[in-house]
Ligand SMILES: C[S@@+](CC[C@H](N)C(=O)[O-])C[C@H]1O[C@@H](n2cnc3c(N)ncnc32)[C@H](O)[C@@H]1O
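Presented as structure tokens, the chain that follows is alone, the form predicted alone.
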């Protein structure tokens, strides 16, 4: 196995279990194949970690182990079994089984939907173990079928061809149940790996604050997760809004699956909130769960403006003592940023805001302190109070 020598700064970070080595921190040459296994050493040639390298990537090395162990089938099987054992108390037949670096398997995402798996490879290094990993997943989890993909955006960064493959037999729609609410999942064409599993706990927390027959506006609703919970659990009057006709169509089907009714609007949420301001409609709860506005640090300023826009307008539409759930799924816009946005928006509206809950990704999407990027979903549940 070849060695990669890193500078003192990177060695110190890895001593605190940072999961990555940046290309700029490598002091040896870069003559490696994409995805090649390497031993990471410090400037005194002392062992630091084992990982795989991609000279074309800004994140040059992703750590597999901080111990000097063989990276073989037994290694991956142990990691997969350990990850699965951490998910035994999830109140659903769908969960994230493997969450990349947070489960010490960088470049691999595995979600379970009832009897089926959605598997995603995001790095050239993990793709080197493609056959081994799939073989272990079949042996350990015994799925009825799998959708396996390598996304185009990752392939461009890592230098591999994107693909989507079906192994076994996967139906057009899989039905999952979560806290007594059922959803259709389209594993072939849905965003991410099929469904926003990371919001499971937040869907329950937010719904617990909704009163019977409250009026709820679910913005950026995707396939209707928050709105459907509100309808099923509290018989709320629910309106789901999303720019995608496809996801709104699936949201309607999810409501039908639960014998529930709701309103559905295909619209740009930014524009729709402004349109509602001209009406006399007011809501008891507004959910703001937008897609990532800041996929990189350079996008943060624009993202903050986007969050401010929707939050200001939501506060104009919520009743006194009404609630707003505001989420960011970008590591670059975190909890303190959301608090600043909420405070500025309240000031602009002549309101006061009370924080009822701090919200995070569910436990099957682990947050490990050695990797700050593993905390990526944060939110606030706010009460909006007239002065």
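It should be emphasised that the depicted structure is a prediction, and the values quoted were computed from it without experimental measurement. Residue numbers count along the first chain shown, from 1.
The protein also exists as the form predicted in complex with the named molecule; that form is not presented, and the subsequent description refers to it.
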property	result
Residue 243: touches the named molecule in the predicted bound form, heavy atom cutoff 4.5 angstroms	yes
Residue 136: touches the named molecule in the predicted bound form, heavy atom cutoff 4.5 angstroms	no
Contact label in the predicted bound form: residue 269 to the named molecule, heavy atom within 4.5 Å	yes
In the predicted bound form, residue 91 touching the named molecule (heavy atom, 4.5 Å)	no
Segment that reaches the named molecule in the predicted bound form - one of 123-131, 147-155, 163-171, 218-226, heavy atoms within 4.5 Å	218-226
Site test, 209, 214 and 233 vs the named molecule in the predicted bound form, non-hydrogen atom cutoff 4.5 Å	no
Listed residue that, although the named molecule is not shown, lies within 4.5 Å of it in the predicted bound form (heavy atoms), from 112, 239, 203, 99	203
Listed residue that, although the named molecule is not shown, lies within 4.5 Å of it in the predicted bound form (heavy atoms), from 185, 247, 303, 95	247
